[in-house]
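Taking the form predicted alone, here's one chain by itself in structure tokens.
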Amino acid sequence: MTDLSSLALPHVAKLHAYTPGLQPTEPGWVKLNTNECPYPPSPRVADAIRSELAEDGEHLRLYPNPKSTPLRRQIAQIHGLREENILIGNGSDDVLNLLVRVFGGPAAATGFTVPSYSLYPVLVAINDGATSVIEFDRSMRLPVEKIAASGARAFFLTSPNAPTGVAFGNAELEAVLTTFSGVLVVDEAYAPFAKENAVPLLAKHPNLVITRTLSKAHALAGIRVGYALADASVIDLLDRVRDSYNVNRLSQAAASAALADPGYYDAIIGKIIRTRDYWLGEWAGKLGWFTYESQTNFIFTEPKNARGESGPVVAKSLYDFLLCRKILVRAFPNHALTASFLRISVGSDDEMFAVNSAIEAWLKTAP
């Protein structure tokens, strides 16, 4: 019998799929490894889903709105844009994939920084695309000149950055937009937790695309809705390669309900920011751990053991210690800049105290 894998395209046979954070199924875990919101979504979300399921789910036999048009209009109003400036995706990952479909390929490099969202190279590889990779150093300063000279048709920049949490101001982004000849994709997955966002730059720079998600601040990671804000010409291109019904009925309804309750989410976001800043002060201030100033819903910190040592071995020691106590955080051992750090999502007060208690125990017992 023919080895069916031999029939795959050569570049697919060599692919390494994206590896998401661990998703335990048994109870009892403190799960702070995938930057999920520690609080439930607006009550309006469940009401909207129940409404779609009314009459024995009669609505489910019908296809969803193919372009998510009502949701496009709603998001356009929120951001002071027009419907033709909005595209809805099955999570922002779907939008990123569409952007690579449009602008990337073997003869059209897609650029991104490292460290950054590790899905970017996977999406490029799926399309057998060329890459232009720019390394950050520990300062995490935005390499404006290198991006401008990258030769990429599209360049993906996560701001605030993941996994460090460092945000780039609009003055820095504008410096890139005015010198870079390609499309700058600013991935604003964590924008609700930041001091500034790039939306005001859209009016002046048609080569700017902003992507957003409802997974983080809006507590809808399980619903999978994201969107793009861009010039109408870019949205038109994305619509040409978009799956016909890429966002289902329940997701459209849930997203609309969440976005219609800004007061609820303002309170949640404020609480997460206060929790984040408190623990930043504890770990960076009291323990003296090097920690990037976060403008996200996570903290990227470089642990020190009781002897004041840091490094990849120390980070793994703490990671393993937490894991044995059913506390999940995220390690990034495959890059020199990140290997000595751990990323800890901001959880509820109880979850954060559990992490801190475990850290205190590790400091007393770790060799």
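Remember, predicted model here, so these are calculated numbers, not experimental data. Residue positions are given as counts along the sequence shown, with the first one as 1.
Omitted from view is the form predicted together with another copy of the chain, to which the following refers.
- Relative to another copy of the chain in the model of the complex, residues 142, 281 and 321 are all farther than 4.5 Å at every heavy atom.
- None of 183, 176, 229, 167 but one reaches within 4.5 angstroms of another copy of the chain in the model of the complex through a heavy atom, and that residue is 183.
- Residue in contact with another copy of the chain in the model of the complex (any heavy atom within 4.5 Å), chosen from 275, 256, 116, 246: 246.
- In plain terms, the part of the chain that comes close to another copy of the chain in the model of the complex, with a heavy atom within 4.5 Å, is 126-134 out of 158-166, 286-294, 143-151, 126-134.
- At the 4.5 Å threshold, heavy atoms of residue 103 reach another copy of the chain in the model of the complex.
- In the model of the complex, at least one heavy atom of residue 49 sits within 4.5 Å of another copy of the chain.
- At a distance threshold of 4.5 angstroms between non-hydrogen atoms, residue 216 is in contact with another copy of the chain in the model of the complex.
- Proximity of residue 80 to another copy of the chain in the model of the complex falls outside the 4.5 Å heavy atom cutoff.
- In the model of the complex, 219, 220, 221, 222, 223, 224, 231, 233, 234, 237, 239, 240, 241, 243, 244, 245 are the residues of 219-245 with at least one heavy atom within 4.5 Å of another copy of the chain, listed from first to last.
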